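As structure tokens, the next two blocks hold two forms of the same chain, structure 1 and structure 2.
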Structure 1
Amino acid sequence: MTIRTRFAPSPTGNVHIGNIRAAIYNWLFSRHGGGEFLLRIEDTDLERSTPAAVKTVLDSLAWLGLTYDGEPLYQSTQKARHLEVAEMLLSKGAAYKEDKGGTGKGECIIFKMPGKDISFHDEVKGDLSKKAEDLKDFVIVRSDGSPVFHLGNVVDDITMGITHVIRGDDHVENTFKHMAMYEAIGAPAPKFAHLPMIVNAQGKPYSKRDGAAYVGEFQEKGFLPEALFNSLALLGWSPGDDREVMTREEMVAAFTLDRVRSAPSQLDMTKLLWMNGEHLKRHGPDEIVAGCRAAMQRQGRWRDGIDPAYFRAVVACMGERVRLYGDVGEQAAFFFDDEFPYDEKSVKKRLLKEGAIGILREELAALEAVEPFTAAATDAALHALGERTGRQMGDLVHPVRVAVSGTGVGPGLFDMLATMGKERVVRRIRRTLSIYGG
């Protein structure tokens, strides 16, 4: 048997990470088993399923590298087949017509539950069952002649030859209905695997209120597709060892449904940022520089006057502090603008404390004499100043950092000074003294 899984999104807007996580699991499972991963666009909501919405789905899959086999099946093209199956169910007595609610708007087609307990084995949750009295008949064709989700979903999975349905556990209740429909239609049911929910720190479903929740948002923030893929794959699954940073090939080789947890998984943005930084380390310097520049352009922070060699040096100086391409523009904008703003808390703590301005004047004189202006030489100059004056290095490092960057945090001071160069450093310290020197 050839494994055939599918991703069946309703293109009604942005793609939520919970939905794309289901796509990732379907893709990993099919690729692990040498099978096929298919795409079905459930576009029957014609008002919301616009070409732009469909493009958003396709772009998200392409960005994450979720390649699918064959052409997508558009559910809207299958209406005739859906209604044909509904008529067949009517003819078998497995469905009936009724003016639902007595509205006079026409008759619906209602699927007749078989009146027996229904059980199935879930590949994640184990054996599940439901009593007959808890299984009610349900509409499969509306009074306007449009098929309902349940009918389209089951018929399309049969048409596509789907062997494994891997979807969110919000569909568990639907699966009892679908099992009855497979039996009534006379088609073998696929195996089902219901995935745990992605939750926030409070254990509630993760949503836009908790931060970035859609694939496009993570892309805009500068996350690498392989990092988001890796992180989402680990939200509910593990390879069975201590590995966390993994390639797609490694995940394909290790992925099995029996290692998918049934408990909800919490999205940890701190962990995701760490994961992105780990994957970023695997990129070459040229790629990282290009990514950081593109991010600054998107942020509106790039200027044509920035020297490429200087920009490369800044990216190298930031080092592992760059976990997202956008971090250079957000955390290191001071490198590119002599008129940088000063952080008030840093100024109060580091420049306005007693004696700090006097120290900064001495540091200016010491740094003006440094030649060549390297990290090691600037480090030696301030250490020598500390030895002559009896001051601790902490008293020397912090004022000059704020003076040249406006903030009390950043990359290593001496690497930062060497990257900026003597002329820029001296100019900035003089500017700071003119503002805060009294």
Structure 2
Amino acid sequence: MTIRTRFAPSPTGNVHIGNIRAAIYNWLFSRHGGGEFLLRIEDTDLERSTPAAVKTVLDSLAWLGLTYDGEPLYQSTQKARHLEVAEMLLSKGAAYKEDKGGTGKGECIIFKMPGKDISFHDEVKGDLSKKAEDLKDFVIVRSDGSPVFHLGNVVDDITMGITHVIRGDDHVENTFKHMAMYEAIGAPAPKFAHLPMIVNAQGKPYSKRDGAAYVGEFQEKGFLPEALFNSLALLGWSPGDDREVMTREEMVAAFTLDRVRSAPSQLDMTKLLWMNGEHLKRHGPDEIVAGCRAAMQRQGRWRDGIDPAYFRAVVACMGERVRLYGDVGEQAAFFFDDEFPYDEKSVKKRLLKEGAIGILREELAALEAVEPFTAAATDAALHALGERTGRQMGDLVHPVRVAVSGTGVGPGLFDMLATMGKERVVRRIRRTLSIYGG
């Protein structure tokens, strides 16, 4: 039997990382086994399941490269089938009608638990069982005639021929109900695997207030999809050796359900950032430039006047300091704006220091004479100035750095100067001198 898994989100406008991790595991598992990965949109809540919400799901899957087979099945189209099964259950005596709780809203259809203990083998948690007295009958069709989650979920999985249901831990209790339904319907039950939750530092389910919790947020921040994919895959699963930074293909090859842990785990942003940097190293300059530009546009920092060649040079100059696409916009904004702000501490430490302004004037003169304005040439010019005046390089480098960037941290000074070009450097040093030169 070929493996067939599915991802069955209910579109709410956001795709939670716990949810997408389930999708990743389903995808990895089916691809590893040469099977299929299907998509079902559980859009029965018409209020929330707007086209935009559905698009969010589709976009998140596409961004992460979670390709699905065939067309997505929209659960709302299956209502007749669900009700048909409910009627069948009714006629079999496996379900009954009742005005539950005497609401007066009319009768709903309730599934009757078989009155026996139910157990199943979970592919990650092992054998699970529940006593008959702990299992209660439950509604499968509301009094308004609409099918409830349990009914739709089970019927659709049967319709789609799902062989493995890999889902969140919060569904284990449901699985006992679902097992009973498969039996009553007379369909073979799929295998189940329940994934531990992603929790926060307090051990509670990871939510928006713990940081980015939705796929879209990671995308906006400029994370690489393969880095998020890799990190999420490693949250609860490991290949068994010491590999961590892996490609999609490597993960597909190594993925098995028996290597999935059953204990909840925390998402460590710092490690995610590191992971992102590792994956970034595998990208070519063109991709990185494009990614950084897109991030700057999202940040609202991009301006049409920015010269593409200059932008490219800046990204190259930032080099491995870029761990996130958004870093260029946040840490290298001064490259693009001559009116950059000055960091007070750096100014105090480097420019307002005894003699610093005088040094800066000498440096300006020296730099103006450099031609061509390369990193090596500016380096040589300042070295020469240092030797001539008996000053340490540190005393020469820092004032210039602050004068052209406003901050004390950044790429190597000479690379930075060469990237900016003589004209810009001179202009900036003059501006600084006019502000702090007295």
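For residue numbers, the reference is structure 1: its sequence is counted from 1. Predicted, not measured: the structure shown is a model, and the values here were computed from it. C-alpha atoms forming the largest set that superposes within 1.5 Å between two forms make up the rigid core.
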Quiz item: Of these two, which one is the form predicted together with the RNA?
Solution: 2
Quiz item: Do residue 212 and residue 184 belong to one and the same rigid part between the two structures?
Solution: yes
Exercise. Quick one: report the rotation angle of the small rigid part relative to the large one between the two structures, in degrees.
Key: 14
Self-check item: Core-aligned Cα shift of residue 311 between the two structures, given in Å
Solution: 3.6
